[in-house]
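Listed next as structure tokens: two forms of one protein chain, kept apart as structure 1 and structure 2.
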Structure 1
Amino acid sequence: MKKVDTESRQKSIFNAIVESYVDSATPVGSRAIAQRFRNTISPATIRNVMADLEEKGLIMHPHTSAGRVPTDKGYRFYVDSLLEPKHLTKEEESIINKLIRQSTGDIEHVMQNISKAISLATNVAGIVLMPRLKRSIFKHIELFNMDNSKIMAVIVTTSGFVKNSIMDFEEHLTGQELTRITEFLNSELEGVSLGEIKSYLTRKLLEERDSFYIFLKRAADILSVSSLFRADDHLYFDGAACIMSHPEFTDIRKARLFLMACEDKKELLSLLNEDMEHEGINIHIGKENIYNDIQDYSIVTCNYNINGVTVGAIAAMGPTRMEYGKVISVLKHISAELGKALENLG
């Protein structure tokens, strides 16, 4: 029983240290913790527990300060073992939902407003990864003759993404033939992800051996053009000024690295693309990030779905001293609302 009580006491004191540091951004001394546990835990016991926590690597002395701050290892222990989600208020949900509903029918406007909503609700930077084109679901295609050897294809997905490409086509097709192919593709491919279209049509070709084969082969050749389904990953980012208001970023080096990471985006793109493969919330704390330029920050990510298919990810990025419970609740809520918004957009 004594061991259980000791472990419980350590967790309570450590939890108080984290919450106090998140609130104040100043190193936490034993006196401040003692005030939280007045008449329940003695100051001497608190000092001993803080020494034990420091020995375990969960807290540390920053420079010459008398107080302690959580380490990356400490934050990891906190989010894995102690964290309780902080539910959004009705007012916070209303502000977020209003901003999302203000988006026009343009998917880029939706993405911009989502990144802004994340930043406003979390007080850190908001990041949104545009839906991956190959994971998007086919909705509609239009084919147009440009001249004797060129065809323009315009594909619309259920998420509202529009992709067009002009391709060289050796065989000249009449307007009537293109119309027939268009009608066939719109009927046949409804609900198929863009990344599966090629294999889907290949299977159909293997099943056909009559006059329909030539028609189907023409349709497959048109959609085999690689540029039609290729799109650069794009990040929408908001909240750089918000981030710079945090005391951590009075350190010029940290501020510079943050702005470089935001401008380059390669590391953030890689991180969000990796996290898309994992359902729900993912938390990367400080040195846990494999990319050097973002090892002073925490990044919390959450994928989002359209009609049950994961197509993209959103994230909040800020100092390791972030309000993790609040951030997680915000991302979960916005992920669900973004999926609804994109379904309606489609």
Structure 2
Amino acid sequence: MKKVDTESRQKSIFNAIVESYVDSATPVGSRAIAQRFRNTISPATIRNVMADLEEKGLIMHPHTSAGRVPTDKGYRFYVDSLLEPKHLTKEEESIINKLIRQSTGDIEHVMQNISKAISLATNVAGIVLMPRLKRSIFKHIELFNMDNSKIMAVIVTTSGFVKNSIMDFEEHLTGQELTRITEFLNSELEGVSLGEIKSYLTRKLLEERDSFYIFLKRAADILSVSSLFRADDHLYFDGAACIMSHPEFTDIRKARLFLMACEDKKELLSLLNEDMEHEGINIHIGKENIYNDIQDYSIVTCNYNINGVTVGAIAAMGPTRMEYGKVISVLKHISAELGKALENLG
């Protein structure tokens, strides 16, 4: 009985330490925590508990006479076991929604505004991964001749995305031939995801040996020449300025390192691509990150869906000392709104 009580108190003190530190950015001492508990527990007791927490590796001492700071492990424990869902205020929601709604028309603009919304609402950097076309479902294709043996292909997905490509095609096809190939592809590819089209066609090519073969062959050739399926890796980023307001960046070198980590899109890209596979929120705290450059920071990611299919991810990135609760709810909210916005766009 007693044991349980002690443990739960330890938890609630640890919780107080994390929240106080996240709020103030200064190492938190026993006195401050005591006050948080309206002095129902004395500083001395708290010091004892703190010593235990330190032994467990959840908090640490910057130096002898300083307060305590959560470790990466501490944040992990906090996020996994203590964090309570936090609702956005009406205000916050309306700011976010306004920003999303106001981005009319092209998708670029939507993405840009989403990253801004994330950074504004969370106070850390906002990152948005462009919807991966590969995940989208084929709906319609049009092929037509441009001048001198150039063919233009326009492909439309069920979610309304359009991608086009102009290509050189060695043999000249008449408009009629192209129209027939187009009709063929449109009837054949319905419901196939863009990522699978190539393998789908080559598979067909092996099966089929009859009159359709020539169509298939030409269609496959055209599509393989086109750049329609080239990887569309694109990240949108915002919040470089807002991140600078955090005290962890008073040293300009730290700020610079952070910005460099942000500019190296390769690592962020593979991180987001990986997290996209896991439904919902993913959290990477400090040293948990496999990429060196970002081991001082935390990244929280969240996938987003169009018509139920995961097509991309958004993320917030900042110091390990961030408001995880808020960040999580903001990302969840924005992810949903983004999905809706993209559905309407199509």
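Between two forms, the rigid core is the largest collection of C-alphas that superpose within 1.5 Å. Predicted model, so just to flag it, every value in this text is computed and none were measured. Residue 1 is the first residue of structure 1, and the numbers go on in sequence order from there.
Asker: Two forms of the same chain appear here; which of them is the form predicted together with the DNA?
Answerer: Answer to the question: structure 2 is the form predicted together with the DNA, whereas structure 1 comes from elsewhere.
Asker: Has the Cα of residue 201 moved 2 Å or more between structure 1 and structure 2, judged after a core fit?
Answerer: Yes.
Asker: Cα of residue 122 displaced 2 Å or more between structure 1 and structure 2, core superposed?
Answerer: The answer is no; the displacement is under 2 Å.
Asker: Superposed on the rigid core, does the Cα of residue 157 end up 2 angstroms or more away between structure 1 and structure 2?
Answerer: After core superposition, the displacement of the residue 157 C-alpha between structure 1 and structure 2 reaches the 2 Å mark, so yes.
Asker: Looking at residue 182, what is the CA displacement between structure 1 and structure 2 after core superposition, in angstrom?
Answerer: Value for residue 182 between structure 1 and structure 2: 3.6 Å of C-alpha shift.
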